[in-house]
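Before any questions on binding or motion, here is one chain by itself as structure tokens, the form predicted alone.
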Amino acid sequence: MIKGFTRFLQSPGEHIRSLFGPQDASAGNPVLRIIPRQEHPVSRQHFSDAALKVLYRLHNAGHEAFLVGGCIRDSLLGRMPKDFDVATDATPEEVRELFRNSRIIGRRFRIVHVRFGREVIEVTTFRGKPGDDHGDHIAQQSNDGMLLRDNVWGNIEEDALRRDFTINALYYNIADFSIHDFADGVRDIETRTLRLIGDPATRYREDPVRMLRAVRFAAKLDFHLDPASEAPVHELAPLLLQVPPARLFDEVLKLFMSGHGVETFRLLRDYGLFAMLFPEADEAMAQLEWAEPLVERALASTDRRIHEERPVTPAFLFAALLWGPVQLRQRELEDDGMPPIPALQAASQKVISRQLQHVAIPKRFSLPMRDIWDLQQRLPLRRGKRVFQTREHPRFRAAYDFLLVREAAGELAPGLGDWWTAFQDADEHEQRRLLSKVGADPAGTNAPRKRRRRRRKPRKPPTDE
């Protein structure tokens, strides 16, 4: 894949080692490697026009400009890069002045989004060490070591060592098309190793979401987690409870909507991270033997659709993740005498309320999710016009797919899903036959109820009086 690395800059390497603390130095004393264009396969032909425009405009304005992170990692792995992040010595304000189609976002990490139609190029200023004196630049940490704000500017060497994993500390220089490898990231790519830069426990405390990123990259890239980076995860998993639910929602989408959801889910369970994101779902999996298979089958269906470039919705996944808790609560309410439909609605509300304390679910997904749940009680009721009303419901297709997942996971006996499959594809004559086959099943009688006509009392003849 890569011919070799012969050029070592010893003086910058000595400077990089000095940036590490005592714990960081034990992580391998990385030395900067500059890989010239003729010795690596990364080509500008793989980059979007928008990314190249940002790089060249920064460079022509006298700033350093590098593509960094995932796009370089994926290019070295032979994958086509999709997202392009730019790192530069220009401040957010200087970037904003160069690009009228840009805006500064974020308080915790101030970055610039440069928009070209539907494509957004993220531009970040080189970060420095948060403990250093940088004048007006701001960095704040909690008592547990979590970075609350990180707007301390630095140089490219400092920026590289602030990044999470070695495979993401790779910079493509638009000035000479070389790759700057600050932490032996290329070596880790060759050995398919996921390794944190610096002391793992310290880096996880700075940002607990790094534990989720470790799982996501391991599943997506088929890498193994370095033992030192893996060791603290179980102990530090509860730190995720300090992360804002809105931020965790974005991370959950990345975890489960990248086409590798099944493997990601299994790793989250193995490392004790899933319980921090979906505590009630984790509890349900210990009580309901079908709950875990149901989630895996829903994730497998989503993975398949993503690989086939078909549309997917987070509402379906959240419906699967939280269905076990909903069923447990519904049973409790029904045991207390509440009818099934109100019990389902009350259980849904309680489960969602608790879940929002951990991972936020916007209403644009929680409302369709509840429709999917509600339709599970309507699908067995195949009576006259009700069948056609159910089929015409906007969420019918998602509810039907969810029914198939429930049957495949063993929650329901097979049969109802096959009936709905046949009914959707049938002509009018066949639909009548399918409705007649439902027979005397009290949950699916096909004959519509006939309204009993009330007999009118005969009018009394008028009297003379």
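In this text the structure is predicted, and so the values were computed from the model without any measurement. When you see a residue number, it is the position in the sequence shown, counting from 1.
Below, we turn to the form predicted in complex with adenosine-5'-triphosphate (ATP), even though it does not appear here.
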Practice prompt. Only one of Asp74, Glu296, Asp374, Glu94 comes within 4.5 Å of adenosine-5'-triphosphate (ATP) in the model of the complex by heavy atoms, so just point that one out.
Written response: Asp74
Worksheet item: Which one of Arg269, Lys254, Arg110, Arg305 is close to adenosine-5'-triphosphate (ATP) in the model of the complex, taking close to mean a heavy atom within 4.5 Å?
Response: Lys254
Fill in: Residue stretch of 399-407, 66-74, 42-50, 430-438 approaching adenosine-5'-triphosphate (ATP) in the model of the complex, non-hydrogen atom distance within 4.5 Å
66-74
Discussion item. Whether Tyr204 contacts adenosine-5'-triphosphate (ATP) in the model of the complex should be assessed with a 4.5 Å heavy atom distance threshold; does it?
Written reply: no
Discussion item. In the model of the complex, does Glu158 come within 4.5 Å of adenosine-5'-triphosphate (ATP), counting heavy atoms only?
Written reply: no
Worksheet item: Using 4.5 Å between non-hydrogen atoms, is Arg162 touching adenosine-5'-triphosphate (ATP) in the model of the complex?
Response: yes
Discussion item. Can you tell me whether Arg354 touches adenosine-5'-triphosphate (ATP)? I mean in the model of the complex, with a 4.5 angstroms heavy atom cut-off.
Written reply: no
Worksheet item: Which residues, if any, of 196-221 lie within 4.5 Å of adenosine-5'-triphosphate (ATP) in the model of the complex when only heavy atoms count?
Response: Asp207, Arg210, Arg213, Arg216, Phe217, Lys220
